[in-house]
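Here we start with a single chain on its own, the form predicted alone, put down as structure tokens.
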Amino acid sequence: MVNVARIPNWINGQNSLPESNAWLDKFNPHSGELLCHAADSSAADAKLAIVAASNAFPGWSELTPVKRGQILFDIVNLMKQRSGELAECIAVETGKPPQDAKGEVGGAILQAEYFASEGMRLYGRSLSSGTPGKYSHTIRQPRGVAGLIVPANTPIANIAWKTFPALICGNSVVMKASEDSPRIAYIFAQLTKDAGLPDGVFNVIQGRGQPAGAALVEDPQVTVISFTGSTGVGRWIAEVGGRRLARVSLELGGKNPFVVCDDADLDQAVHWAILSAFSNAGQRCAAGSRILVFKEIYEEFRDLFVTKAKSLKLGVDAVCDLGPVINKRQQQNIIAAIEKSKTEGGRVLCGGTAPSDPKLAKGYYVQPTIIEGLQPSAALSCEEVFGPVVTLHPVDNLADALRLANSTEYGLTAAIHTRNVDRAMWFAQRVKAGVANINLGTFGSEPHMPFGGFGASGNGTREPGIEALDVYSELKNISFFTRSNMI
């Protein structure tokens, strides 16, 4: 019998077994084989981590931001040294081709570098007063224990996205890792200790959202909660966290429009539409899952798009374009959504099922799928699927494209392809989205750029970028008075 690794929690700088000795099975999404067991943590396990973080907070927060930044740069350097190990772990856990896993690690390192350097720039402001002799300025101060809940679609990127701004502001952290990517969170935790981060400042709880993640949301010692995931869970977090006035940052789902105008460069539009719809097997909150095409070029674009989609190679080798989705349940949900779309008038132009290749039969694969003929009100036109599935919709003009783009409850990202600058800016300024890209894909946030959405895509906060500091710090105004007549 092959021994299967057990991934424990990481609390106060060391391994911590679940108090119930319960474990979750994690399967390889490419092969379906059992990969490891992860701790099935209880609320009691989460409490241990919260207490450890709370105890570590005073010492960490008392360090100067510059010193905190220096320690974070030590973590960055170890990430660079161990980037191959991190990428290999991501490739196996999530089923990404190696080049995609390496790219994700590179993005995480850039994110980490940006916020580590904020230690030298944790700026306040000097404010003018109307009172003679009164001087006023602002400073940023940490909030306390940060509860970070991350998804599995880009695990190390999501870890860096939340951890580094939380730590540079002086908070201690309890992270609830995704049950679909437990090992990368554990490796990162060990790496922080090796880099010299004090014990208890960064803790990891493995397990399910209920009860482990819920315990972070409900505990009054957790003063800030950052969550990336589904809109349904985000609504619950907003309600429960808001009831006790915790600060809550939510980056939720999307049903992002990709508009192709009649003057677009079609080769470029197809290139970016393919990446927006199918990269990372469509498992992006910023995936371009609705493509709105001017009627004059609809058939030409559709044929080019379908031909390109059919050429994509599935698998986990370097020559592959996309891997499997993260677990069996997600695969089944995606295929069920496709089948439902057929009953609502959808015509599947390519894909629609699991691949027939016997080498992929045991994995959680879904063929790149393009569907046309659906009404804007159809379920697949409105609901996030989180897989390699995209719908095509003809539109009469730019006003019609905008109307359709804004017709869902979401508002995360959008893209438009056109050679006309006036058209592009008119659309970008009016589309209901936190990110609007022109002649690009629907994704592509960089470390210094704010990311977040409108409506059901978030609650108004922005991470990353300098705006993330507003999530993880309190702004304090300090004023003092001098006796001007003493001079």
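All residue numbers are counted from 1 along the displayed sequence. None of these values were measured; they are calculated from a predicted model.
Another form, the form predicted in complex with a small molecule, is not on view; read the next lines as being about it.
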| property | result |
| --- | --- |
| Within 4.5 Å of the small molecule in the model of the complex, all of Ile274, Asp321 and Pro388 (non-hydrogen atom) | no |
| The small molecule: the contacting residue among Leu252, Ile370, Leu292, Ala189 in the model of the complex [heavy atom, 4.5 Å] | Leu252 |
| Proximity to the small molecule in the model of the complex, single hit among Gly170, Gly351, Gly209, Gly315 (heavy atom within 4.5 Å) | Gly209 |
| Which of 357-365, 142-150, 118-126, 96-104 sits within 4.5 Å of the small molecule in the model of the complex, heavy atom basis | 142-150 |
| Heavy atom of Val174 within 4.5 Å of the small molecule in the model of the complex | no |
| Gly241 within 4.5 Å of the small molecule in the model of the complex, heavy atoms | no |
| Residue contact check: Phe73 to the small molecule in the model of the complex, 4.5 Å heavy atom | no |
| The small molecule contact in the model of the complex: Pro182, any heavy atom under 4.5 Å | no |
